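Okay, so here's just one chain, in structure tokens, the form predicted on its own.
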Amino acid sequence: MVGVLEIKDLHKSFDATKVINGFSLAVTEMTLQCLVGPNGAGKTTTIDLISGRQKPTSGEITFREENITGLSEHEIARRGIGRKFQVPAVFRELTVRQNLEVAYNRETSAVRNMFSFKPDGCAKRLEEIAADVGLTERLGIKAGTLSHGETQWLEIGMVLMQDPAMLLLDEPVAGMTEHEMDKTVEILNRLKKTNTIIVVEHDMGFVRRIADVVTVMHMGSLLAQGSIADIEKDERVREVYLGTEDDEESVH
């Protein structure tokens, strides 16, 4: 297995507040790695730094052996890292199909995409992705009429339309019904066969069903890492995290 992402001695401060404090991480190709930890551990900030939304104070982030530290979101996306935020950002007045077409074209104007020539490969890719995220039967309806779970799946599909090598997901099952969560488990377990995925999550029941590797953060640093079985029996993890459901980031 080849390492696709390496983080070395990462630091991030907001004024006098240290949010990431000497964090290091290696992510193996074609695995699903979950970032978990208590409130304020630095999980969302970490993927903000990987995706270019935030710039690190110090440290190094390497993707596919290229130093991407401090690059813009656009530059990092072009190198193959796709990011889905906790709150979906879809075009509600466009159909599911049109949303996926917009994502494939990577145009800044959704309207321009609707009336522009579709690049070769768009239709085939769209059909594949719609099947991957379970929206084949919903392609013709407006995104604004989708359920919460379907909207989350659509945004995952929109990121996948850009063919990322790595997918970053921030709490993808927040607010979902049990049925929607079950389907999301199926989707992610299927996607990790062809994509490297990092998931920020607080629902340990969900983590147990999807994670190849679990990384526990605490106060901006690495506390523990391993299989879900290893993590659940780690006394340090049990002391600072397991048993609490409060996992929202306190600093963004």
Ligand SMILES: Nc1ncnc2c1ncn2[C@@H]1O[C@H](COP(=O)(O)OP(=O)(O)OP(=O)(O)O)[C@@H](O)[C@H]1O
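All of these numbers come straight from a predicted model, not from anything done at the bench. Start at 1 and count along the sequence shown; that's the residue number.
The same protein also has a form predicted in complex with the ligand, omitted here; what follows describes it.
- The contact residue chosen from Ser221, Thr62, Asn39, Gln225 relative to the ligand in the predicted complex is Asn39, the criterion being a non-hydrogen atom within 4.5 angstroms.
- Checking Ser51, Thr184, Thr196, Thr45 against the ligand in the predicted complex, a heavy atom within 4.5 Å turns up for just one residue: Thr45.
- Of the stretches 184-192, 66-74, 31-39, 205-213, only 31-39 has residues with a heavy atom within 4.5 Å of the ligand in the predicted complex.
- Taking non-hydrogen atoms only, Val19 approaches the ligand to within 4.5 angstroms in the predicted complex.
- In the predicted complex, the ligand stays beyond 4.5 Å of every heavy atom belonging to Glu101.
- Shown alone here, Glu155 lies farther than 4.5 Å from the ligand in the predicted complex, counting heavy atoms only.
- Looking at Glu150, you'd find every heavy atom of it more than 4.5 angstroms from the ligand in the predicted complex.
- Annotation for 161-188: the only interface residue with the ligand in the predicted complex is Glu171 [heavy atom within 4.5 Å].
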